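Before any questions on binding or motion, here is one chain by itself as structure tokens, the form predicted alone.
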């Protein structure tokens, strides 16, 4: 296997995988790819969990595995890493823009994605998925989701 070149090709391929619950953001921009190790005869892709009970985790792992198979990589492993844990700071600047364009506030902010106001209130800890909550902006009067 060709180390650096293969790693770049794998990154290019999996950068097209979107988060199943937030399809405006790629798993790369979400910051869950921890590392890709190209060993002598094996590839190991290390990924972090954004939210422990996320129902999309298995689908994300399967998507990565399918991409590796599409690249004719037969000896691989896709593993979850827990240290360091995923943090909202792992989201790329492009990822934060994608979240805001989808009307979703990144987890480390409490700002309306429509008008950038901080005059917001939590309306429900239960959103359309386990990893999102519903907020309301008192300035522009729009509801929006906040990523946990």
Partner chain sequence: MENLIFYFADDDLILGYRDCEWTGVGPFLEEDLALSSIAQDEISHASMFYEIIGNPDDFVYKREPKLFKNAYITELENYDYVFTLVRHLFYDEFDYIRIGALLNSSNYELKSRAEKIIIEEDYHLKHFRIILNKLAQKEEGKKVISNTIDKFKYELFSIFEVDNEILKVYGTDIFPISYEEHFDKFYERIKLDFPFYKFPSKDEVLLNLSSFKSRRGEKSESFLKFYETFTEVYRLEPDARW
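Numbering follows the first chain given and starts at 1. None of these values were measured; they are calculated from a predicted model. In this text, the rigid core denotes the largest set of C-alpha atoms whose superposition between the two forms falls within 1.5 Å.
One more form of this protein exists, namely the form predicted together with its partner chain; it is left out here, but the text below deals with it.
S.K.: With the partner removed from view, which of 22 to 30, 91 to 99, 106 to 114, 47 to 55 is the stretch that lies within 4.5 Å of its partner chain in the predicted complex, judged by heavy atom distances?
M.R.: One stretch meets the cut-off, namely 47 to 55.
S.K.: I'd like to check something about residue 124: if you look in the predicted complex, is any of its heavy atoms closer than or equal to 4.5 Å to a heavy atom of its partner chain?
M.R.: Answer yes; at least one heavy atom of residue 124 falls within 4.5 Å of its partner chain in the predicted complex.
S.K.: Closest heavy atom of residue 7 to its partner chain in the predicted complex, within 4.5 Å or not?
M.R.: No, residue 7 stays farther than 4.5 Å from its partner chain in the predicted complex.
S.K.: Give a yes or no for residue 130: in the predicted complex, does one of its heavy atoms lie within 4.5 Å of a heavy atom belonging to its partner chain?
M.R.: Taking the distances in the predicted complex, the answer for residue 130 is yes, it comes within 4.5 Å of its partner chain.
S.K.: Using 4.5 Å between non-hydrogen atoms, is residue 140 touching its partner chain in the predicted complex?
M.R.: Output for residue 140 is no: heavy atoms all beyond 4.5 Å of its partner chain.
S.K.: Sequence order please: the residues of 83 to 107 with a heavy atom within 4.5 Å of its partner chain in the predicted complex.
M.R.: The stretch touches the partner through 83, 84, 85, 86, 87.
S.K.: Under a superposition restricted to the rigid core, does residue 13 display a Cα displacement of 2 angstroms or more between this form and the one not shown?
M.R.: Where the cores coincide, residue 13 shows only a C-alpha shift between this form and the one not shown that is less than 2 Å.
S.K.: With both forms fit on the core, is the shift of the CA atom of residue 129 between this form and the one not shown 2 Å or larger?
M.R.: Result for residue 129: yes, a 2 Å-plus shift.
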